[in-house]
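Next up: a single chain in structure tokens, the form predicted alone.
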Amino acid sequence: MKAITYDTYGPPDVLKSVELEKPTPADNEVLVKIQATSVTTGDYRARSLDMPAGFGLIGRLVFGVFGPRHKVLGTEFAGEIVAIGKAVKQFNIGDAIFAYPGAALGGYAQYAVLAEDKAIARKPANLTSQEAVALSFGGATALNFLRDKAGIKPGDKVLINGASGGVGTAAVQLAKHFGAEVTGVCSTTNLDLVRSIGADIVVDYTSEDFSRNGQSYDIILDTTGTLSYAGAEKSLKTNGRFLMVAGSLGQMLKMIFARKKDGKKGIAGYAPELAEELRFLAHLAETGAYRPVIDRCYPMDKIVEAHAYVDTGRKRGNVVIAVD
């Protein structure tokens, strides 16, 4: 089978097309013929080992100390199940699915195996594989932080910093689904996009500092690593929550040890890959409450170009790779 691999950390051109043996599913695994994958922040980190300050050693422990532990990138993929192990009960041959292997990777190939109890769910019928593949990374991250970590509820005022990215565009839509009033912070060129996916208010960070607008929020979610707890704290309501999706080790430590008052909290952490969250996101997609934003779609043989585009930091929503 055709796959994209890498043997050393570095720029996009470390990615190479190779032929690998097609995997065979174990008793509890399904074999997926992959139709689409993507270039997420996770893929960028694993390829480049460009980690937030203070996380370099952790990055090597996760992805490989002396070189990549998993040679095939791809934190999410979508496709069709073409074979199943004899113990598999939840899926059948022919099922259209999307999956979120996360740090286990594996999506940059024509085929992949995945245990049926991992983060895998049936694809929404109203989305193509190239659309459904982008449900996972941004959607699961936004869902975990907003619902599980922050306990979002109807009527909350929520600010999303970095509202035009993969996590940000998901967070805007999910916050609206949960009944919040949403303010999206992004650049001038992305104001219309963020407004179109449901933001009630949009703030152009190139000309306005939201922390000086006199507004206060129940939840501030930072997807970019450009905010600190100290900078956001004055814009939080009593019992407000500051969510740090991305940030340096120093930022996180300062947030943990910052003196907090009025019940305010600073929350960081990891969003796990869970099948039930994928099923929840699929249901929202079927009802029209959540649809991933696709910036560009590249063929598999242009994957170096796709990574180079993501490296510019200018992507809007998600960048998808058509495998099949």
Ligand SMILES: NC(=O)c1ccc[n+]([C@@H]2O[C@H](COP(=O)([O-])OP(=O)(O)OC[C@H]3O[C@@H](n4cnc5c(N)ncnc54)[C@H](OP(=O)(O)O)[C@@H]3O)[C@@H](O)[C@H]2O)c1
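Note that residue numbering follows the sequence shown and begins at 1. Quick caveat: nothing in here was measured; it's all calculated off a predicted structure.
Keep in mind that the form predicted in complex with this ligand is missing from the display, and what follows is about it.
- Interface residue remark: T141 is counted as part of the site for this ligand in the model of the complex, having a heavy atom within 4.5 Å.
- The closest heavy atom approach of N161 to this ligand in the model of the complex falls within 4.5 Å.
- Interface membership of G64, defined by any non-hydrogen atom within 4.5 Å of this ligand in the model of the complex, is ruled out.
- When contacts are judged by a 4.5 Å heavy atom cut-off, A115 does not count as touching this ligand in the model of the complex.
- Annotation: in the model of the complex, residues T41, N190 and V245 each come within 4.5 Å of this ligand through at least one heavy atom.
- Looking at 71-79, 87-95, 117-125, 180-188, the stretch with residues near this ligand in the model of the complex, meaning non-hydrogen atoms within 4.5 angstroms, turns out to be 180-188.
- This chain is displayed alone, yet in the model of the complex one of M255, A46, L284, A271 has a heavy atom within 4.5 Å of this ligand; that residue is A271.
- In sequence order, Y205, T223, T224, T226 are the residues of 197-227 having a heavy atom within 4.5 Å of this ligand in the model of the complex; the partner itself is omitted from this view.
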